Structure formats: structure tokens, C-alpha cells
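Just the one chain here, laid out as C-alpha cells, in the form predicted alone.
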């Protein structure tokens, strides 16, 4: 892919960078999106029946089993070239923040370090009562496992419909967006708030916006650079171009 020369110069000299990733990045690893994974037994349920506090209060075992099934499905999934390219991009920038809407943990698996998980992580489990993270639990149990500290039911450490995002993670994401020189929006539809507002916050503070997506989004018109295609193909090429430029 031919990248604009001014974009390469900009990224080569960037002092700070923030990246927002969405489901499109994980899809390239073969991971189904939340709704796409509602197949077979799960196809009969609405998303709110499987991912809301009300659903868990009503049928905790149903919700627990759904997330246990999803955790099992993720076990065979591995990061793709886009994930690894972001690791390399982080190594090139001392001020770098990766903000993700994904809950699969693939960024961590690839080796990214400065990560803000806006929607939680499906690999973690916490108590629905006291909020403590569970170090281990019985995946084979016929009942919903309980917290060893208070006896409350365990639940996935993800943000459900109707729940606020973790305050600390969101505040750090907003700060990263407002203070960065370059903001990447990668593989996200740009319609899920408050994450969708982050690139606009960056834009309003003078950051250069780079969007990488298979299709145009509501953000595309505001982006300074729109690189259309798969992030697993574009990002590795971009990182290689930056490395080649630096070695000259």
C-alpha cells in the first residue's frame, strides 16, 4: 500500500499517540462479534437476555453459561498481524496509549502494555456483590460459582448493557485522546458511545486523526487520513514503512 509521504513524516516525528480499536481488529483473528456469536442454542436470545444486570439477576446460570461458552471459543484464537504491529508501534513511541473496546485480551496476548480496556475483559471474573476479582473458579460446576470472600455470585468482568464504563479507564482514555498528537481509530464502527466520542475529543484538541477501516464510518469525514482495508494488512505495512524510513 502506498502511504502519503506527509503521513509517514508525521508518524516518524510524532511525540504522542493514542489508538482506539474495535471489533474489526479481532474479527481478523477469526473471532466472531458479540452478536455474530449468538448461533445455535444462543440464537434464540436477545443480546439483553445475555448481557445485562437484569438478565443476570433473572437467570444467572444462563448468563454464566453464555460467557463460559464464549471464553472457551476464544481459547483457540490468536492475535493477528495487526495486533503485533500495534506492539511495534508502541515500542516506537514513549507516549502511547492503546484504548480498546474489545474484551478478548488479544492485545495483551500480542504483547501490548499500555492498554485501557473500556468494556472489560472476558477472561476475568469478578464477584457481582463485592466486586473482587476471582483468581480461579470451577468451570465445570453445574451452578454459578461463588466468591470465596463474600459468597456472592461470580460474573464476567465485562461491561453489560445499562452499566457505566469503568470510571478510571474512561478518564484515562479521555485524557490520552485530548493530549495526543496523533489519534488512530482502527476497526471500530464509531457508533458505540462514549468510546465513539474519543477521536472527536482528539480532533478538537488539534490531534491528527488516522482512521483504518474496511468501510467508511461517521468519523471518516473528520479524519485527516483514511486508510481503507484490513488493519492486519495495513498496520504491518505502515510499521515497516516507518522502520525503513528511520533506517535511512
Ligand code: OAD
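Residue numbers count along the first chain shown, from 1. Since we're looking at a predicted model, the values are computed, not measured.
If you look for the form predicted in complex with the named molecule, you will not find it shown, but the lines that follow are about it.
Proximity to the named molecule in the predicted complex, taken as heavy atoms within 4.5 Å, picks out 212-220 from the listed stretches 175-183, 57-65, 198-206, 212-220.
In the predicted complex, the named molecule stays beyond 4.5 Å of every heavy atom belonging to residue 236. Contact check for residue 161: a heavy atom falls within 4.5 Å of the named molecule in the predicted complex.
Proximity of residue 101 to the named molecule in the predicted complex falls within the 4.5 Å heavy atom cutoff. In the predicted complex, the named molecule sits within 4.5 Å of a heavy atom of residue 23. Taking a 4.5 Å heavy atom cutoff to the named molecule in the predicted complex, the one contacting residue in 111-141 is 119.
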